[in-house]
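Encoded as C-alpha cells, the following chain is the form predicted alone, with no partner shown.
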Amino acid sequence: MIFIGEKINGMFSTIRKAIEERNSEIIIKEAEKQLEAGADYLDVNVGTAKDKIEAMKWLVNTIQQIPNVKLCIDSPNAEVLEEGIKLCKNRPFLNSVSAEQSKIERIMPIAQKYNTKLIALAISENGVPADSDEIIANSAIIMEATAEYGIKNEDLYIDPVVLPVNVSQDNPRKVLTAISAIKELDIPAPRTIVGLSNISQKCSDRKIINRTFLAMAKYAGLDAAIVDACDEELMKTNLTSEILLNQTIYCDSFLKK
C-alpha cells in the first residue's frame, strides 16, 4: 500500500498562510511529520494561492530540502502541474487527469513527457459516476487514452471517486465494487487509489470512518490512498489488515512498527 500524505495543501489555513508568507519552516516541519508517520509520498497542492505557478515552484523546492523526499504534484491546472513536476528530483505522481477529453489532451502529454506515475479520476463530462458500472466505463476510457500515450498500467492509479458518506451513503459500496472490477480490466491491472478523507467530510467521528473504509478497500484490492498519515490508528489499521489479508508475514512484533 502506497500512502500519500495529504497535509501540504493550501486549502488548510496553516499551509495557506505559510505559502503566502513563504514560511519554509512550517512547510518542512509538516512534511517531516508526515514522512516520519509513514507517508511514502507527499501531496503538494497550492490551493487558492494567487500566483499558483510561483507558489508551486516554491513549495516543491522547499520540501525537497528534505533528502530523497517523493512528491505527488496536485493541481487542476496543467501549467502548474508541469512547472512542479519539472522540479522533482525523484519520480513523482501527477495528480490528476480524468476521463474528460479536454483534460486527457492537456494533462496526459505531461505525464508522458516526464514519465510520472499518474492518478486518474473516474469522472467524465457527465460528472461524478452514478454507479459502479459508470466508474468502470470511465476507467476503460482512461486506460484507452493512457495506452495511446504509452503510459503503463502499473503507473496508472485510477481513483473511483469517494463521496462523503453523509451525502451519498451508497457511494462507498459502489466504489468497493468498482475497485475489484478495475483490477480485472487488463493484465497487468491498473492500480487503484482513493482520497480517503473525502469519505468522512463533515461527518462526526471522521477517523473511525476513514479507518474502517481503508480496511474494506484494501480487501477489495486498493493499492494506494491519499491520507492523513499522522493518524496513528489509521496506520495501525493498515498494518493489521495486511496481516489478516496475508499480504505480510505475521510476527508477534508487527504492531511495534
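A residue's number is simply how far along the shown sequence it sits, counting from 1. All of these numbers come straight from a predicted model, not from anything done at the bench.
Only in words, not in the display: the form predicted in complex with (6S)-5,6,7,8-tetrahydrofolate (THG), which the text now covers.
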Open item on the list: Which is the contacting stretch out of 165-173, 148-156, 115-123, 82-90, given heavy atoms within 4.5 Å of (6S)-5,6,7,8-tetrahydrofolate (THG) in the model of the complex?
Closed with: 115-123
Open item on the list: Which residue, Q34, S197, T192, T62, is the contact with (6S)-5,6,7,8-tetrahydrofolate (THG) in the model of the complex, using a 4.5 Å heavy atom cutoff?
Closed with: S197
Open item on the list: If the criterion is a non-hydrogen atom within 4.5 angstroms, does every one of E30, N68 and K236 touch (6S)-5,6,7,8-tetrahydrofolate (THG) in the model of the complex?
Closed with: no
- [ ] Using a 4.5 Å heavy atom cut-off, state whether D43 contacts (6S)-5,6,7,8-tetrahydrofolate (THG) in the model of the complex.
- [x] yes
Open item on the list: Check N9 for me: does it contact (6S)-5,6,7,8-tetrahydrofolate (THG) in the model of the complex (non-hydrogen atoms, 4.5 angstroms)?
Closed with: yes
Open item on the list: With the partner left out here, check for me: in the model of the complex, does some heavy atom of R206 sit within 4.5 Å of (6S)-5,6,7,8-tetrahydrofolate (THG)?
Closed with: yes
Open item on the list: With a cut-off of 4.5 Å between heavy atoms, is T212 one of the residues that contacts (6S)-5,6,7,8-tetrahydrofolate (THG) in the model of the complex?
Closed with: no
Open item on the list: Where, within 137-155, is there a heavy atom within 4.5 Å of (6S)-5,6,7,8-tetrahydrofolate (THG) in the model of the complex? Residue list please.
Closed with: none
